[in-house]
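The chain below stands alone and is given in C-alpha coordinates; this is the form predicted on its own.
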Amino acid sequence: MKIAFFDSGIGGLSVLHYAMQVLPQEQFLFYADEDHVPYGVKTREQVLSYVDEAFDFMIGQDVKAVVVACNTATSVAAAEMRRRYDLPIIGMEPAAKKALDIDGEHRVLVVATPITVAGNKMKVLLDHFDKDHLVDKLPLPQLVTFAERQEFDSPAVETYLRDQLAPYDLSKYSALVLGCTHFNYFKGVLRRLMPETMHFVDGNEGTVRELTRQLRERGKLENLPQTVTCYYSGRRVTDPQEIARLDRYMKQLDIVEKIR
(Lines give C-alpha, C1' and ligand atoms only; values in the text may rest on other atoms or scores of the structure.)
Protein backbone atom coordinates (compact mmCIF):
# COMPACT_ATOMS: atom_id res chain seq x y z
CA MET A 1 0.00 0.00 0.00
CA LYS A 2 1.13 3.54 -0.74
CA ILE A 3 1.59 6.59 1.45
CA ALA A 4 -0.24 9.61 0.02
CA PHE A 5 1.15 13.13 0.16
CA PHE A 6 -1.35 15.87 -0.57
CA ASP A 7 -0.87 19.59 -1.20
CA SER A 8 -2.64 22.47 -2.89
CA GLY A 9 0.19 22.46 -5.42
CA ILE A 10 3.81 21.40 -5.59
CA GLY A 11 4.90 22.65 -2.16
CA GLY A 12 4.24 19.23 -0.68
CA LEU A 13 7.06 17.83 -2.78
CA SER A 14 9.40 19.28 -0.15
CA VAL A 15 7.89 16.94 2.46
CA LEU A 16 7.85 14.00 0.06
CA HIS A 17 11.48 14.72 -0.84
CA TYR A 18 12.44 14.34 2.83
CA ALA A 19 10.25 11.25 3.32
CA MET A 20 11.90 9.52 0.36
CA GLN A 21 15.23 9.76 2.18
CA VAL A 22 13.87 8.58 5.53
CA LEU A 23 11.65 5.80 4.12
CA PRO A 24 13.56 4.41 1.12
CA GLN A 25 11.54 1.19 0.96
CA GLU A 26 8.06 2.72 0.77
CA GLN A 27 5.87 3.54 -2.22
CA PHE A 28 4.30 6.99 -2.50
CA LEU A 29 1.38 8.77 -4.13
CA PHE A 30 1.68 12.53 -4.59
CA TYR A 31 -1.51 14.55 -5.16
CA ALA A 32 -1.15 18.21 -6.16
CA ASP A 33 -4.44 20.08 -6.45
CA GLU A 34 -3.22 22.13 -9.38
CA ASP A 35 -6.80 23.01 -10.38
CA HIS A 36 -7.29 25.06 -7.22
CA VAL A 37 -3.85 26.29 -6.15
CA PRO A 38 -3.25 28.53 -4.22
CA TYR A 39 -5.31 27.63 -1.15
CA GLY A 40 -3.98 30.38 1.09
CA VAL A 41 -6.09 33.13 -0.46
CA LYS A 42 -9.31 31.08 -0.70
CA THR A 43 -12.12 30.92 1.87
CA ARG A 44 -12.10 28.20 4.51
CA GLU A 45 -15.24 26.72 2.94
CA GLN A 46 -13.56 26.48 -0.45
CA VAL A 47 -10.45 24.84 1.00
CA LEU A 48 -12.53 22.30 2.90
CA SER A 49 -14.38 21.34 -0.27
CA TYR A 50 -11.11 20.93 -2.20
CA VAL A 51 -9.59 18.77 0.55
CA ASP A 52 -12.76 16.67 0.71
CA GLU A 53 -12.55 15.98 -3.02
CA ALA A 54 -8.85 15.11 -2.80
CA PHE A 55 -9.40 12.70 0.08
CA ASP A 56 -12.21 10.95 -1.79
CA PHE A 57 -9.74 10.28 -4.59
CA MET A 58 -6.78 9.25 -2.42
CA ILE A 59 -8.79 6.92 -0.22
CA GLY A 60 -10.07 5.29 -3.40
CA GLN A 61 -6.45 4.45 -4.27
CA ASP A 62 -6.26 2.22 -1.15
CA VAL A 63 -3.55 4.24 0.59
CA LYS A 64 -2.41 3.35 4.10
CA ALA A 65 -1.75 6.91 5.32
CA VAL A 66 -2.19 10.48 4.15
CA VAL A 67 0.25 13.29 4.83
CA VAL A 68 -1.48 16.64 4.44
CA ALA A 69 1.69 18.34 3.24
CA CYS A 70 0.04 21.76 3.25
CA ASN A 71 -0.15 24.03 6.28
CA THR A 72 -3.28 25.75 5.01
CA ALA A 73 -5.16 22.49 4.38
CA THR A 74 -4.01 21.16 7.75
CA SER A 75 -5.32 24.24 9.51
CA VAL A 76 -8.71 24.10 7.78
CA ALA A 77 -9.47 20.43 7.25
CA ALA A 78 -7.15 17.89 8.92
CA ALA A 79 -9.29 17.49 12.05
CA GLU A 80 -12.41 16.91 9.96
CA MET A 81 -10.65 14.33 7.78
CA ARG A 82 -9.51 12.44 10.89
CA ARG A 83 -13.11 12.23 12.04
CA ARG A 84 -14.14 10.76 8.69
CA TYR A 85 -11.37 8.26 7.96
CA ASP A 86 -9.76 5.51 10.03
CA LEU A 87 -6.16 5.72 8.87
CA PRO A 88 -3.15 7.81 9.89
CA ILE A 89 -3.62 11.42 8.73
CA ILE A 90 -0.57 13.53 9.50
CA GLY A 91 -0.74 17.29 9.08
CA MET A 92 1.73 20.14 8.96
CA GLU A 93 2.13 22.76 11.67
CA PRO A 94 4.30 25.88 11.52
CA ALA A 95 7.31 24.87 13.61
CA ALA A 96 7.14 27.87 15.94
CA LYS A 97 7.47 25.67 19.03
CA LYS A 98 10.60 24.05 17.61
CA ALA A 99 12.10 27.49 16.93
CA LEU A 100 11.29 28.68 20.46
CA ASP A 101 12.76 25.50 21.95
CA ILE A 102 16.02 26.12 20.10
CA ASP A 103 16.28 29.75 21.25
CA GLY A 104 13.72 31.12 23.67
CA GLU A 105 15.29 34.56 24.00
CA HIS A 106 15.32 36.03 20.50
CA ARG A 107 12.37 36.73 18.25
CA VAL A 108 10.97 34.27 15.71
CA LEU A 109 9.36 35.18 12.39
CA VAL A 110 6.75 32.77 11.00
CA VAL A 111 6.04 33.17 7.29
CA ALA A 112 2.99 31.40 5.89
CA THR A 113 -0.16 31.89 3.82
CA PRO A 114 -2.86 34.35 4.95
CA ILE A 115 -5.20 31.54 6.09
CA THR A 116 -2.48 29.89 8.17
CA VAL A 117 -1.33 33.18 9.70
CA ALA A 118 -4.87 34.18 10.70
CA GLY A 119 -6.14 30.69 11.57
CA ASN A 120 -7.28 29.44 14.95
CA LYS A 121 -4.70 26.63 14.85
CA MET A 122 -1.91 29.21 14.80
CA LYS A 123 -3.55 31.20 17.60
CA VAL A 124 -3.88 28.13 19.84
CA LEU A 125 -0.27 27.13 19.13
CA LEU A 126 1.10 30.54 20.05
CA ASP A 127 -1.16 30.98 23.07
CA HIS A 128 0.24 27.73 24.42
CA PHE A 129 3.93 28.03 23.60
CA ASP A 130 4.74 31.72 23.01
CA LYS A 131 4.42 32.92 26.60
CA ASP A 132 6.92 35.74 26.07
CA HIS A 133 5.31 36.94 22.82
CA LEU A 134 8.43 36.45 20.76
CA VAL A 135 6.71 35.26 17.56
CA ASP A 136 5.74 37.53 14.69
CA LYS A 137 3.66 36.34 11.73
CA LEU A 138 4.01 37.43 8.11
CA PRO A 139 1.81 36.25 5.22
CA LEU A 140 3.70 35.77 1.94
CA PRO A 141 1.02 34.61 -0.54
CA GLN A 142 2.97 35.67 -3.62
CA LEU A 143 5.64 33.05 -2.93
CA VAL A 144 3.14 30.30 -3.76
CA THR A 145 2.58 31.88 -7.18
CA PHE A 146 6.32 32.19 -7.77
CA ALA A 147 6.85 28.56 -6.76
CA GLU A 148 4.12 27.24 -9.04
CA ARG A 149 5.83 28.82 -12.04
CA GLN A 150 9.30 27.68 -10.90
CA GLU A 151 10.56 31.19 -10.33
CA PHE A 152 12.79 30.43 -7.36
CA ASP A 153 15.43 33.16 -7.41
CA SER A 154 14.65 36.04 -9.73
CA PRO A 155 14.89 39.83 -9.28
CA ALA A 156 11.09 39.86 -8.81
CA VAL A 157 11.29 37.26 -6.03
CA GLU A 158 14.09 39.10 -4.27
CA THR A 159 12.30 42.45 -4.53
CA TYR A 160 9.09 40.96 -3.15
CA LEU A 161 10.85 39.35 -0.20
CA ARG A 162 13.01 42.38 0.50
CA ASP A 163 9.92 44.61 0.60
CA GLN A 164 7.97 42.23 2.82
CA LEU A 165 10.84 41.77 5.29
CA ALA A 166 11.76 45.47 5.40
CA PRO A 167 9.60 46.33 8.46
CA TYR A 168 11.46 43.76 10.60
CA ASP A 169 14.82 44.26 12.29
CA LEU A 170 16.10 40.78 11.48
CA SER A 171 19.10 41.19 13.75
CA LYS A 172 16.70 40.58 16.65
CA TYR A 173 15.48 37.24 15.24
CA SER A 174 16.93 33.76 15.71
CA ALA A 175 14.75 31.86 13.24
CA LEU A 176 12.62 32.10 10.14
CA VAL A 177 9.88 29.48 10.33
CA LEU A 178 8.78 28.31 6.89
CA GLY A 179 5.08 27.81 7.56
CA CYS A 180 4.14 26.83 4.02
CA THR A 181 5.67 23.90 2.18
CA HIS A 182 5.98 26.02 -0.97
CA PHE A 183 8.45 28.29 0.81
CA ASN A 184 11.29 25.76 1.04
CA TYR A 185 12.17 26.41 -2.61
CA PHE A 186 13.23 29.96 -1.72
CA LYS A 187 15.90 29.23 0.87
CA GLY A 188 18.60 30.53 -1.46
CA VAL A 189 17.27 34.06 -1.83
CA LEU A 190 16.03 34.16 1.77
CA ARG A 191 19.48 33.18 3.02
CA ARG A 192 20.96 36.19 1.24
CA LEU A 193 18.46 38.51 2.91
CA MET A 194 18.82 37.10 6.43
CA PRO A 195 21.63 37.79 8.91
CA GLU A 196 23.94 34.89 9.69
CA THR A 197 22.43 34.64 13.18
CA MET A 198 19.07 33.56 11.73
CA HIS A 199 18.37 29.98 10.68
CA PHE A 200 15.53 28.13 8.96
CA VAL A 201 13.00 25.96 10.75
CA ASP A 202 10.27 23.93 9.02
CA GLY A 203 7.92 21.12 9.93
CA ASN A 204 9.11 18.49 7.46
CA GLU A 205 11.26 16.46 9.85
CA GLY A 206 8.63 16.35 12.58
CA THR A 207 5.88 15.44 10.13
CA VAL A 208 7.80 12.53 8.63
CA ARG A 209 8.87 11.37 12.09
CA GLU A 210 5.20 11.23 13.16
CA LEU A 211 4.27 9.42 9.94
CA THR A 212 6.93 6.81 10.62
CA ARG A 213 5.83 6.38 14.22
CA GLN A 214 2.20 5.82 13.33
CA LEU A 215 3.01 3.35 10.55
CA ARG A 216 5.35 1.42 12.84
CA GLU A 217 2.70 1.23 15.57
CA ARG A 218 0.24 -0.24 13.08
CA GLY A 219 2.78 -2.64 11.59
CA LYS A 220 2.46 -0.90 8.23
CA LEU A 221 6.10 -0.20 7.37
CA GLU A 222 7.09 -2.11 4.24
CA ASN A 223 10.16 -3.33 2.36
CA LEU A 224 9.41 -2.51 -1.29
CA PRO A 225 11.15 -0.88 -4.25
CA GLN A 226 10.57 2.85 -3.85
CA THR A 227 8.13 4.37 -6.36
CA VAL A 228 6.29 7.69 -6.71
CA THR A 229 3.01 8.09 -8.62
CA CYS A 230 1.89 11.69 -9.18
CA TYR A 231 -1.55 13.17 -9.78
CA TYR A 232 -2.76 16.67 -10.59
CA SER A 233 -6.25 17.05 -9.07
CA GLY A 234 -6.94 13.35 -9.65
CA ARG A 235 -5.36 13.11 -13.12
CA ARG A 236 -2.29 10.89 -13.28
CA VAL A 237 0.79 12.75 -14.48
CA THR A 238 2.12 10.95 -17.57
CA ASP A 239 3.03 13.81 -19.90
CA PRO A 240 6.85 13.92 -20.31
CA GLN A 241 6.90 17.71 -19.95
CA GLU A 242 5.04 17.55 -16.64
CA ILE A 243 7.26 14.74 -15.39
CA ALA A 244 10.27 16.90 -16.27
CA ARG A 245 8.65 19.82 -14.42
CA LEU A 246 8.30 17.76 -11.26
CA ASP A 247 11.87 16.57 -11.62
CA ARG A 248 13.07 20.20 -11.70
CA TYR A 249 11.33 20.82 -8.39
CA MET A 250 13.04 17.81 -6.85
CA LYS A 251 16.41 19.01 -8.11
CA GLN A 252 15.77 22.44 -6.57
CA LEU A 253 15.03 20.67 -3.28
CA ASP A 254 18.33 18.78 -3.59
CA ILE A 255 20.03 22.19 -3.71
CA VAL A 256 18.17 23.99 -0.93
CA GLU A 257 18.24 21.13 1.59
CA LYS A 258 21.90 22.02 2.19
CA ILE A 259 21.05 25.63 3.12
CA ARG A 260 20.60 26.28 6.83
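Each residue number is its position in the shown sequence, starting from 1. Keep in mind that what you see is a predicted model, and the values were worked out from it rather than measured.
Although it is not shown, the form predicted in complex with ligand DGL is what the next lines describe.
- When contacts are judged by a 4.5 Å heavy atom cut-off, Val37 counts as touching ligand DGL in the predicted complex.
- Mapping the unseen interface onto this chain, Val144 counts among the residues with a heavy atom inside 4.5 Å of ligand DGL in the predicted complex.
- Figure note: of the listed segments 58 to 66, 217 to 225, 37 to 45, 196 to 204, the one touching ligand DGL in the predicted complex, with heavy atoms no more than 4.5 Å away, is 37 to 45.
- Residues from 108 to 139 that approach ligand DGL in the predicted complex with a non-hydrogen atom closer than or equal to 4.5 Å are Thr113, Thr116, in the order they occur in the chain.
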